[in-house]
Ligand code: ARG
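Shown here is one chain on its own, the form predicted alone, set out as structure tokens.
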Amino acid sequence: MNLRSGRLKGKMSNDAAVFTSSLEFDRRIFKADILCNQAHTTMLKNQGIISPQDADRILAALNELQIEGICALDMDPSVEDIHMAVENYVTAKIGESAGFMHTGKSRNDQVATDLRLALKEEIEEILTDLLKCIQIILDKAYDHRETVMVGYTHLQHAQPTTFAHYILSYAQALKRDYERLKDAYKRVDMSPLGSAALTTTSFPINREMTRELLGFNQLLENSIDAVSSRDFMAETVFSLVLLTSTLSKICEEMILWSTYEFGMIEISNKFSSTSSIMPQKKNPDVAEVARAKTAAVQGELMTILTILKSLPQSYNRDLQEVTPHMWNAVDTSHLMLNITREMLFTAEFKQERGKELAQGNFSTATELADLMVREKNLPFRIAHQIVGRTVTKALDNGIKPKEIDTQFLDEISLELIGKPLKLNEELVKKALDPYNVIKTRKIIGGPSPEVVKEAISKLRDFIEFESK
């Protein structure tokens, strides 16, 4: 069927047809388009708007197409889009009565419905894989509850923690990414079908019936808004931008930690490459590419927002151009999630190196200051000054943290406050021991093994609840 023949004379030029065609990325909504037509036709039959005979013939043809697949369609650019390709297929099967399929329906509400149906499915898959990613982190964290490492601020040694505590920070960030995407799903899960071009139709259609047949939770209640709203796309991609930002941070730290200088993890060979000239190299190429792809997802969001920012209300063909950017963001994010999950799962943590770094550069200094506050009732700022001077003097003289004793501390305190501290030697040694410091951090969210175990349990409860 030539859609132009009623109003327009002649054909669109080949270049213009290719330029405006959406067929290439419409492949993503092929299944959704059949479902949309099936639901609409079923509703038309139920409402007595078209005859049962015509409806049944249309539905039979759509069922055949569902079995044959998209290869059965004429995908020439002159067809314009998937909706006309499907309608042309049904027309070829049953003749002009196929046109009843479009009664009370426009391509405007049809494409909006198709996109929401297809995007719902994609989001559901990403959410499932996000839970798998969090589960893998929890399993790894459980095995490393007592594996000591140093935590960083400003990329400088800060305080001792455990590998479990550290990667649980990833799990918590991914949990928020999950919740954010799940919340965006609510705005996707709304049916525009029945809005027609922009003002619904005079046929007595039943929008609630098609909503239920298609599995949408709500109706979009203004027909103009229904055909023109693409904020659900922007919100979904925004959620994916934050997800990929979390994944990029994970990749960045895997890259850093796998260097010779850090030496804290070994990335699996499955996710590494070597140099074309330097045979000793093991490069974290996959993590680097994943890190870079985050920028592509961010770019897709900016493109979508720029297209949407100045459109007049109701349908404009510009909206067609949002779709490929959304799908690219969805695909890139989903692939990046699964790749990062597997890299993290297969990475080996170097326990001895983690312990060495935690012991080697005064990461326990805060606990030493806290000891002075507790035992000698010093104001924290005074204790901070004493410990700061202690670290400076120790570094200048090549003294290691484990070599600090009460005599050394008394010399510093005499210099700064005019009297010795006379701290208990055993307490000083404990304050300078990374593992002992970790065990004392029993506050909610802290690194002590028992607190970490409880945090893991809570996250597992979350996964179990969300998986139901």
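Model, not experiment: these values are computed from the prediction. The numbering used is simple: start at 1 and walk along the sequence shown.
Keep in mind the form predicted together with the named molecule is missing from the figure; the text below concerns it.
- Think of it this way: in the predicted bound form, the named molecule has a heavy atom of just one of Y185, F238, Y315, F271 within 4.5 Å, and the residue is Y315.
- Between the named molecule and the residues E367, D177, D81, E300, the one pair within 4.5 Å by heavy atoms in the predicted bound form involves D81.
- Partner contact region in the predicted bound form: 103-111, out of 89-97, 392-400, 136-144, 103-111, criterion any non-hydrogen atom within 4.5 Å of the named molecule.
- Contact annotation: Q172 falls outside 4.5 Å of the named molecule in the predicted bound form, judged by heavy atom distances.
- Of the heavy atoms in N283, none are within 4.5 Å of the named molecule in the predicted bound form.
- Interface membership of S245, defined by any non-hydrogen atom within 4.5 Å of the named molecule in the predicted bound form, is ruled out.
- Proximity of N206 to the named molecule in the predicted bound form falls outside the 4.5 Å heavy atom cutoff.
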